[in-house]
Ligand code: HEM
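Only one chain is shown below, in structure tokens, and it's the form predicted alone.
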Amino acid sequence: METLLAEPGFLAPSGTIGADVSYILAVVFTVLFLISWGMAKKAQGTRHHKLILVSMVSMIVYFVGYYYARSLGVLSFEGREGFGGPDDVYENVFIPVLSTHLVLVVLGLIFAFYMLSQGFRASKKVDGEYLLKEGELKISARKFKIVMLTIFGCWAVVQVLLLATRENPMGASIAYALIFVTVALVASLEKLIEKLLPDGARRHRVLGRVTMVIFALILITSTATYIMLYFVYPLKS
């Protein structure tokens, strides 16, 4: 898989298959999210529910597979070796944009997981149509413990798989551990979110807007990074 992703791409003269596919999917997913958001604004709850569910699950599956294939993804490991521009541009422009992009990607994935769960909890089905239900939305202490134990269990399974499939799993093990710790911390913030936005419907609308802004910023920073790497400052052979 790593060899295939490193093959010459089709969008830019110096691009790779991995970078091109990653960018195209970033555009596709962002467009699907925006379309889904538009459906929600028009009160088309069922259409919004189905499209956002398929889009977010597809994005998560793709990212996890791509992340696993490239350890930390194409851009995060190319670093200075993938950038052919001057040092001042690398330090003052490329690195800040790339760092912002990676932070946004992590936030986007966290919000994707949270909003999928919160969407089911905050909605009801009336005559075959999904509608947001008004009223206080809280998670019980028992369910909260189950969520935390599930996160811990998933982390344990990943660690076992890494030990069984990789000769030197230390780097990947630390990276995945940080991801699961982040997810656990976000899950633990549920209680704070419940206090700030107790109404489930309003919470879904507010956090939905935040999520869409994050995804839009991911596309902007991804585009900027891609252009700098493969059009403006490609690595000279």
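Keep in mind it's a predicted model, so treat the numbers as computed, not measured. Counting begins at 1, following the sequence as shown.
The next section is about a form of this same protein that is not shown, the form predicted together with the ligand.
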To verify the annotation, which of these, A187, A172, A26, M212, has a non-hydrogen atom within 4.5 Å of the ligand in the predicted bound form? M212
Going by heavy atom distances of 4.5 angstroms or less, which of C154, V89, V97, L131 would be at the interface with the ligand in the predicted bound form? L131
Is it true that L137, L192 and G200, all three, sit within 4.5 Å of the ligand in the predicted bound form, judged by heavy atoms? no
Hey, in the predicted bound form, is Y176 touching the ligand, heavy atoms inside 4.5 Å? no
Although the partner isn't part of this model, could you tell me whether A43 comes within 4.5 Å of the ligand in the predicted bound form, counting any heavy atom of the residue? yes
Quick one: is I52 in contact with the ligand in the predicted bound form, heavy atoms, 4.5 Å cut-off? yes
Residue contact check: V105 to the ligand in the predicted bound form, 4.5 Å heavy atom: no
Going through 99 to 132 from first to last, which residues have a non-hydrogen atom within 4.5 Å of the ligand in the predicted bound form? A112, M115, L116, G119, F120, S123, Y130, L131, L132
